[in-house]
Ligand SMILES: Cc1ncc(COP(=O)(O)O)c(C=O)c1O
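Before any questions on binding or motion, here is one chain by itself as structure tokens, the form predicted alone.
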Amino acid sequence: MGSLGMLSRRTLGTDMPVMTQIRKLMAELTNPMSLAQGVVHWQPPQKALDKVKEIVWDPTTSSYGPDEGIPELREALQKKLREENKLFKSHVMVTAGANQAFVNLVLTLCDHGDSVVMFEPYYFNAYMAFQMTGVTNIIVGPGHPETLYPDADWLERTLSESKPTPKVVTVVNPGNPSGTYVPEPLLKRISEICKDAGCWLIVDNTYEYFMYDGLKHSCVEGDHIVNLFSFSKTYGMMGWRLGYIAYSERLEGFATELVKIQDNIPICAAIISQRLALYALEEGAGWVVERVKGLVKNREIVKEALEPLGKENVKGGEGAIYLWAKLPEEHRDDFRVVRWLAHRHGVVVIPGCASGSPGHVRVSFGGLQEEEMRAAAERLRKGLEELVHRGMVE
């Protein structure tokens, strides 16, 4: 028996992380410019970083903390949830990033053989979380062809006709990779459909502050709803790995089951990261919103770079840090296009096949400041012009 025969079918059947493939691709290049990974170009608030310096030598920083998170941070997060998200009856668990929060929930809510629902284009890491935990009956629903909004009519039919009923429905709002958002009436309808069908709704709110053109992010609350949040993009804390779960205070025994999972993965999120998050919250949402405003110019720069594909083929940009673009029909092998753009034009994007949508690419406008963004966008524009008019010239 070879070594692969000794590995679990769950991991063998899980997709390879697309960012791992992208990093390998970038290692093949000289001076690549990345519009791939979902990151922001800012660091955490300076005042918060200065305060963290002062606690490095505090013994509690190097010790374990409560599985659910340090009390001061959880209290601050519940206050934030009440005031900003209108979630008045939610308890909180702090996790090592929103991805770990999602895995906690999949392990807590789903059994092997359960079915779950996602919408195309889906967030690749969430799809992988289902795969690696043995949830292989993943039903992928359509997004509206013009708006990419989740198709609520399809969801209602699917939940009523599927036996047994899918255990979980999950949406990202605003969307990754789509860059669109779920309007409040639609979000409420999806919530009611899930409630009536007796299934869980997980809403990933990682990009809650990343809204443009006067649009507003909203949350829903209920005993069947779990909300996820992250510090990674908001306060530029990608490497600090901090997120949190908000769940109904009325869910008897839910916290106990979450703790079982938490204690066997990180035990607790890093104490120094939790302290930094607490200090960052003192700066307030305004600190984040001010920086998000600066991304509007980046968005327009990247939109212009995508024009060779046709304006009708570029979606998103209403929220999050992404634009979603359809490639010409003769170039549906999007990973091949991504490799070609990287090697010939020195710019890297994400293939849509990673999100269940071959023939598309995801382009991030969050990771570079304006001057660098212009340079990366120019490479992308030249590459797409060549792709459209001459094909993948070697």
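These numbers come from a predicted model, not from an experiment. All residue numbers refer to positions in the sequence shown, first residue = 1.
The protein also exists as the form predicted together with the ligand; that form is not presented, and the subsequent description refers to it.
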{"item": "Single option in Ala98, Val220, Leu201, Val135 placed near the ligand in the model of the complex, where near means a heavy atom within 4.5 Å", "value": "Ala98"}
{"item": "Contact residue in the model of the complex, chosen from Thr206, Asn227, Thr180, Gln262 - any heavy atom within 4.5 Å of the ligand", "value": "Thr206"}
{"item": "Interface segment, criterion being heavy atoms within 4.5 Å of the ligand in the model of the complex, picked from 139-147, 241-249, 273-281, 292-300", "value": "241-249"}
{"item": "Site check Asn176, Ser232 and Tyr322: each within 4.5 Å of the ligand in the model of the complex by heavy atom", "value": "yes"}
{"item": "Touches the ligand in the model of the complex: Tyr123 (any heavy atom, 4.5 Å)", "value": "yes"}
{"item": "Partner contact for Val172 in the model of the complex: the ligand, 4.5 angstroms, heavy atom", "value": "yes"}
